Each structure stands twice: as C-alpha cells, then as structure tokens.
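Presented below, as structure tokens, is a lone chain in the form predicted alone.
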Amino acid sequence: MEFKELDPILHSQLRLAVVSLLISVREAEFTFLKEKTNSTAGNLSVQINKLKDAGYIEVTKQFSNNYPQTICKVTKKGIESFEAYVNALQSYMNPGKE
C-alpha cells in the first residue's frame, strides 16, 4: 500500500475551503468567500494569491458602484487538482484498498 502525496497548495484549510466553495458556485466575490470561510481579509488575500499563482483560480478585479470588487473563479486545473487531492485523501481513509 502506498499513500498518495497530498497537494501542498490544497493542504491548507483555508485554500481547500476556497477551492471547495468555488467548485460549488464556479465563481464568487471576495466578500462572499471571506464570510463563508470566516477568514480575515488579509489572510484570505494571501491565500487567494497562492491559489492564483498555482493556476488553480483566476482573479478578476473590477469596480461595481465605485467599489473595488474581486471575483475569483476556479480553473480547470483547480478542479482537477481538487479531485486528485480528494482521491489522495481517500487512500489514507482506506489503506487496505488499491
């Protein structure tokens, strides 16, 4: 039995939560993610940048009613990486099965 390697990008609770949320809604505004993850703006911003740098999400900055708005959208690579992460985790839950 071999345990699969866990993706270090997704192995952070907040980054995993962000990708998981984005998979369920496809795209979301920064404040929505902040509320849903119970995160601080600073920490969320850092984690979003890490996900963006890894190519797991796309970030679009725009203005809405003169307020800056940040929209995050999961990428194909992000979805594939999330699915691989879940599969790797399952190898830890069922160590006797291949």
Partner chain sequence: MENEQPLSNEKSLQIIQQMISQAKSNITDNGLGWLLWGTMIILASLSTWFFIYTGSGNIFLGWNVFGIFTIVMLTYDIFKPKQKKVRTYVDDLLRLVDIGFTICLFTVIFSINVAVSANAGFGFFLMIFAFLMLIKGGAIKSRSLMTGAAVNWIGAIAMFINKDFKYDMLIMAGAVLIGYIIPGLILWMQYRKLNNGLKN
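Numbering follows the first chain given and starts at 1. The structure displayed is predicted, hence computed values, not measured ones.
Same protein, other form: the form predicted together with its partner chain, not shown, and the subject of what follows.
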Exercise for the section: Look up in the predicted bound form whether K36 has a non-hydrogen atom within 4.5 angstroms of its partner chain, and give yes or no. Expected result: yes
Practice task
Using a 4.5 Å heavy atom cut-off, state whether T31 contacts its partner chain in the predicted bound form.
Solution key: yes
Exercise for the section: Tell me, yes or no, whether K61 is in contact with its partner chain in the predicted bound form, where a contact means a heavy atom of each within 4.5 Å. Expected result: no
Handout entry: is_contact(E27, its partner chain) in the predicted bound form, heavy atom dist at most 4.5 Å
Key = yes
Problem - Residues of stretch 8-32 in contact with its partner chain in the predicted bound form (4.5 Å, non-hydrogen atom) - result: H11, S12, Q13, L14, R15, L16, A17, S20, L21, I23, S24, V25, R26, E27, A28, E29, T31, F32
